[in-house]
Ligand code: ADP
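Quick heads-up: it's one chain on its own, the form predicted alone, in structure tokens.
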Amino acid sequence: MTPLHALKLGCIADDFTGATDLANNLVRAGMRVVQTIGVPHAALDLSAIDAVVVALKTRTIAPAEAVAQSLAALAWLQAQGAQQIYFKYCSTFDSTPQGNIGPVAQALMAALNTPLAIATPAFPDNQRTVFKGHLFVGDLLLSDSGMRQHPLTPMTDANLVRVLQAQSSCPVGLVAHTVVAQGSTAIGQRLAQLQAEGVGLAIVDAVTNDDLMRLGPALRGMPLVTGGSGVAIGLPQNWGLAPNPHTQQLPPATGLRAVVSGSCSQATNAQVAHFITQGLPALAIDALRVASGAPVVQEALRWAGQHLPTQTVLIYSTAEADAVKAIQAQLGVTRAGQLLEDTLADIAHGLVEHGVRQLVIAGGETSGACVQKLGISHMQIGPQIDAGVPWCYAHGSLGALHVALKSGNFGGGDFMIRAFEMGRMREC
């Protein structure tokens, strides 16, 4: 049965921070957006909503399980009447030769009976650009950036055609910048040519937002779009939508303030260091003490209780690459990651129980664990703090709170302080 209000866009994101990143760009481009945590089990009122972003935690799990969860999200979005499907992955194309970008994209293509889909992680606002099929992070090739040392998905090849081909059974092609610069008609013609040649996935160059705006109309009517969040800025125009400040309004923020950080990216390391240099209270979590059975959660919450009434607190497991490797060598990669995720999630839950109602969470895996522990079912997307990171109004088992889920690589050096000072949340 077709719902009375059919969604314009149904989105499937492979992690929770990436979901808010995508939702943020859609809201800024004029869409009314709700983000769900997993596939909803209860009915949602979508009568005033243009797009739903279903946040999954599939980036680093086994490809078969990532496919199964993504197809379940697709089925739910189709039941809501979504006119177009968007598969969102990281702007640094986080994946391995086994997946999960290629396997999930191809499974969605098969389910939607579409022979071709585009793929581009370009997000120029966050210095992610694609040129001649190669991904750049700022002025560096992806393979020369900090992503080469990522503990779960080290990216050592910047050639996206080659990376995606390694995890895809269909041929992968390229829509070069010389084509993109000519506009949407030329892009559409190139995509038709690639489809005729048997190509299934097409990397699209984009070095500016203008490129993404040219790409948008070429994707009108395509059943499936895959990419980072940048492609989102060019899609709302296909439904006659334009930026509207009213789509970004949230209820006013109240309550205590805290930051929980599990990311070990270079950007987050710098943000943690800046927070500490400002003389603000910060507590490091020791993975080895967690593994030994020490009461780390209880200690952290007692410490936080001494500072929270008057100050923003930071609790972090963030560390430099060499320190992370040393811990992984003793505990194993999987165990070390799971222990810290579970610990930070328990701490986040305890902080909210103690009255924190403004919470910044840094790191995709950490955000996923914390959001699930807090029983958050869905979030309203609000104003942007930094590119790719909005404030959200979340509904969880401990009540409503404002939360920002920050991808590890996103945000300026002062993000963890400025997020609470922006003062832009207004009553709806």
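For clarity, every value in this text was computed on a predicted model and none was experimentally measured. Quick note: we count residues from 1 along the sequence shown, nothing fancier.
Keep in mind that the form predicted together with adenosine-5'-diphosphate (ADP) is not shown, yet the notes after this line are about it.
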*If you check in the model of the complex, is D205 within 4.5 Å of adenosine-5'-diphosphate (ADP), heavy atoms only?*
no
*asked:* My question is simply whether C264 lines the interface with adenosine-5'-diphosphate (ADP) in the model of the complex - judged by any non-hydrogen atom within 4.5 Å.
replied: yes
*asked:* Does any part of E341 reach within 4.5 Å of adenosine-5'-diphosphate (ADP) in the model of the complex? Heavy atoms only, please.
replied: yes
_Does any part of T366 reach within 4.5 Å of adenosine-5'-diphosphate (ADP) in the model of the complex? Heavy atoms only, please._
yes
*Contact residue in the model of the complex, from A348, L191, I327, L301 (heavy atom within 4.5 Å of adenosine-5'-diphosphate (ADP))*: I327
*asked:* Using a 4.5 Å heavy atom cut-off, which residue among V313, L174, M109, A319 comes into contact with adenosine-5'-diphosphate (ADP) in the model of the complex?
replied: A319
_Just to confirm the contact call: exactly one of 395-403, 358-366, 24-32, 380-388 touches adenosine-5'-diphosphate (ADP) in the model of the complex at a 4.5 Å heavy atom cutoff, so which is it?_
358-366
*What residues of 379-409, in sequence order, lie within 4.5 Å of adenosine-5'-diphosphate (ADP) in the model of the complex by heavy atom?*
S407, G408
